[in-house]
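Below you'll find only one chain, the form predicted on its own, shown as structure tokens.
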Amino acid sequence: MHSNTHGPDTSVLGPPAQKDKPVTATLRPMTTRGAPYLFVLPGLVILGALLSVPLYKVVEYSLYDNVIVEHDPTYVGFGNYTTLFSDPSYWSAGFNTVVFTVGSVLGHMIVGIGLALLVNADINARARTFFRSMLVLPWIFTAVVVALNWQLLLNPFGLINYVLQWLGLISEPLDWLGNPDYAMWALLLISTWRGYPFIMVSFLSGLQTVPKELYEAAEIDGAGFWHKFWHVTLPQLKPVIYGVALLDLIWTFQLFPLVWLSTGGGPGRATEVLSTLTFRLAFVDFQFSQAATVAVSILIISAAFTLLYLRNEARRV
């Protein structure tokens, strides 16, 4: 037998060289990975353009003296911040902001969780749908409608004073929004009424994901309603509670329309929060530099809350 003598001996030359990978095959994974970013790129460009310019101008205004009202404002660096931090009205507004934010978020959480548990109960389907639809109504009203309605209700001659007098809880009508001692409480009531639907809907969605087996096991162990709530419902909803509370905190901290339309920051400065102080400095007192300085302080605090929220969401993914 003779070996093949018509071609090169491949056993001597070694394995055939691997052909070069086509360029398209090399680029395909890159284009696949980059495709989602290309889809969101137009939105990011538009959003960045809309946000970056106003943010830059606000920060810039906070470093100058009397911008807009003077043709050639003077650069003062952090002088506006020094002046602001020594102003008692800023700290008063900051304290009111903390009270309003914490009180509103607590009100939203307590009322929202309570109503979510009620409308999640195993009742007639039509009745459940009816109550769910009715309880989200405060969410669809604008801040103007909410403020006007509550001003009528809390008026000294309004329905709330009439009911309280009829129940014997007060002897004479109270000016809820005009008395500095009651104005913040009245504002918290309005904010709670306006904001609880978002919390209720969020927790209602979370309640749908809690396995029924956990409740059945708790019932076998003899757990009542409160034991099931504390040891089953709350632990299961803990991620939802943390995320929703942070989101509500961010929104409420910088809330302006409802406060301004309900009380205008008054009476006096009893309900003045940082957002209404910014508006008052800019469009009432025409101190745009000071207003920009307050706005930057709100931005920094809101950004800190936002980072906490994003960190919480990253853990949940």
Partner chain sequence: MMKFRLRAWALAAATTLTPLASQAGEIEWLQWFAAEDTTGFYDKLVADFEAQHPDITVKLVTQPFGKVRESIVTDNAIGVGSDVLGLNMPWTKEFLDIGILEPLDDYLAREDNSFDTADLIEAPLGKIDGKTWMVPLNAFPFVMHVNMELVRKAGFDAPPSNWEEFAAQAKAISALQDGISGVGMPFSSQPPSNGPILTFLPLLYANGGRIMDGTTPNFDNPKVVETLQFLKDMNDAGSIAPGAASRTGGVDLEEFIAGRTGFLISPGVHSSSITSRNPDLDYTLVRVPSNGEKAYRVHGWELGISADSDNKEDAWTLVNYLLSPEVNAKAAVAANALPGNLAALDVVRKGADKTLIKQIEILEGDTPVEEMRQSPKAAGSWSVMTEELQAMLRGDKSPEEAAAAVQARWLELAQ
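It should be emphasised that the depicted structure is a prediction, and the values quoted were computed from it without experimental measurement. Residue numbers count along the first chain shown, from 1.
Absent from the display: the form predicted in complex with the partner chain. The rest refers to it.
Colleague: Of the listed stretches (155-163, 191-199, 99-107, 213-221), which one has a non-hydrogen atom within 4.5 Å of the partner chain in the model of the complex?
Modeller: That would be 155-163.
Colleague: Quick one: from 236, 82, 92, 151, grab the residue that has a heavy atom within 4.5 Å of the partner chain in the model of the complex.
Modeller: Here the answer is residue option 151.
Colleague: Looking at 115, 247, 177, 146, which is the one with a non-hydrogen atom within 4.5 Å of the partner chain in the model of the complex?
Modeller: None of the others qualify; the residue that does is 177.
Colleague: Checking a candidate spot here: are 33, 42 and 241 all in contact with the partner chain in the model of the complex (at least one heavy atom each within 4.5 Å)?
Modeller: Result no, not one residue of the spot touches the partner chain.
Colleague: Can you tell me if residue 56 lies within 4.5 angstroms of the partner chain in the model of the complex, counting non-hydrogen atoms only?
Modeller: Heavy-atom contact with the partner chain at 4.5 Å: absent for residue 56.
Colleague: Within 4.5 Å, heavy atoms only: does residue 268 come near the partner chain in the model of the complex?
Modeller: So residue 268 counts as contacting the partner chain.
Colleague: In the model of the complex, is there a heavy atom of the partner chain that lies within 4.5 Å of any heavy atom of residue 283, even though the partner is absent here?
Modeller: Yes, residue 283 sits close enough to the partner chain in the model of the complex that at least one of its heavy atoms falls within 4.5 Å.
Colleague: How about residue 278: is it within 4.5 Å of the partner chain in the model of the complex, going by heavy atoms?
Modeller: Because no heavy atom of residue 278 falls inside 4.5 Å of the partner chain in the model of the complex, the answer is no.
Colleague: Could you list the residues in 44-83 that come within 4.5 Å of the partner chain in the model of the complex, counting only heavy atoms and keeping sequence order?
Modeller: Those in contact are 68, 69, 71.
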